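In structure tokens, the next block holds one chain alone, the form predicted alone.
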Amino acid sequence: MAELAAVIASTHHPFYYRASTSTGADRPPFADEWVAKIERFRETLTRAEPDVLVMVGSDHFHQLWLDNMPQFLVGKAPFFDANFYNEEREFGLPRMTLRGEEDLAAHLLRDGLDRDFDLAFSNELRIDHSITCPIITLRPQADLPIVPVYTNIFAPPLPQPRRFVALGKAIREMVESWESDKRVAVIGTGHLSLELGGPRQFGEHGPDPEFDRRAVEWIASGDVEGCLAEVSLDSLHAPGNATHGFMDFMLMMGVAGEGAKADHVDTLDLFHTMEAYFTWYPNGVPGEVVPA
């Protein structure tokens, strides 16, 4: 069976690419620190030596709209075009083409149905920066096949937080039941507190630093039940109007498992948001010798 080589969760700030590649007067003052943190984070995926990436993200109304909004969707295609015109214009993101892993996608769809997850699918999915940003930060050579999994965090009615956690648990079980000898990393991106277009958008940090602090503690310690006890669809409005993206972090906590402490934790306060990076190695840190 396939091996779950790594579980990785992060934010997906679309300005990283431009900040990290700018030079001279155009390079922001926080770029060097940000790049250093990303390079350490990138090494956590490299160390896992994955063959395939399952990428969890959310479409920002680029391809999915109110006329057809699935709650959970799996992309199943040999290739995925990536990034849209406004992402090129606003963030400087490059157009990309990523290979797909159709056999694993088909397995998730079939096994998902058998586990009471009626996952939608698309054979013509085009992906946006919720998936390309972690590719840029974690695997910039973009040489590994992916299976994109999209969640609905924008268009009510939204699934409950507990449903996101349950899907994360199911994804892990489905990956580990895939008849393959490949090593799979599951990578998911979301938000901590986030305000878009509101009065708290452009501050020195995220709109709710206390929520961010508690969120990092929940994730880093694997406190799934503690998180679920305090987070609801209603409560997520308070930290910022786009904070429902935190449910993708909760999904990744489901993949990692209750009580699973992250092997890598890092954060960075940026303008209007806290960036956060977590890695778990379910089968132990690669290359680390466990004392007898």
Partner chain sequence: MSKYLLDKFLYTVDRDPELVERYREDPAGTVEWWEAEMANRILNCASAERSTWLEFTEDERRALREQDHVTLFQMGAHPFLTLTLFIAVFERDHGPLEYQKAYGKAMEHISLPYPDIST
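If you're wondering where the values come from, they're calculated on a predicted model, not measured in any experiment. Positions refer to the first chain, counted from 1.
There is another form of this protein, the form predicted in complex with its partner chain, and it is not shown here; the text below is about that form.
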| item | value |
| --- | --- |
| Heavy atom distance at most 4.5 Å to its partner chain in the predicted complex, all of W65, E195 and F271 | yes |
| Its partner chain: the contacting residue among R183, R200, K169, R126 in the predicted complex [heavy atom, 4.5 Å] | R200 |
| Contact residue in the predicted complex, from H264, K37, R47, H60 (heavy atom within 4.5 Å of its partner chain) | H60 |
| Contact of S177 with its partner chain in the predicted complex (heavy atom, 4.5 Å) | no |
| Exercise: A238 in contact with its partner chain in the predicted complex, heavy atom 4.5 Å | yes |
| Proximity of W218 to its partner chain in the predicted complex, heavy atoms at 4.5 Å | no |
| Heavy atom of N86 within 4.5 Å of its partner chain in the predicted complex | yes |
| Listed range touching its partner chain, judged in the predicted complex by heavy atoms within 4.5 Å, from 131-139, 87-95, 160-168, 105-113 | 87-95 |
| In the predicted complex, residues of 135-155 near its partner chain [heavy atom within 4.5 Å] | F154 |
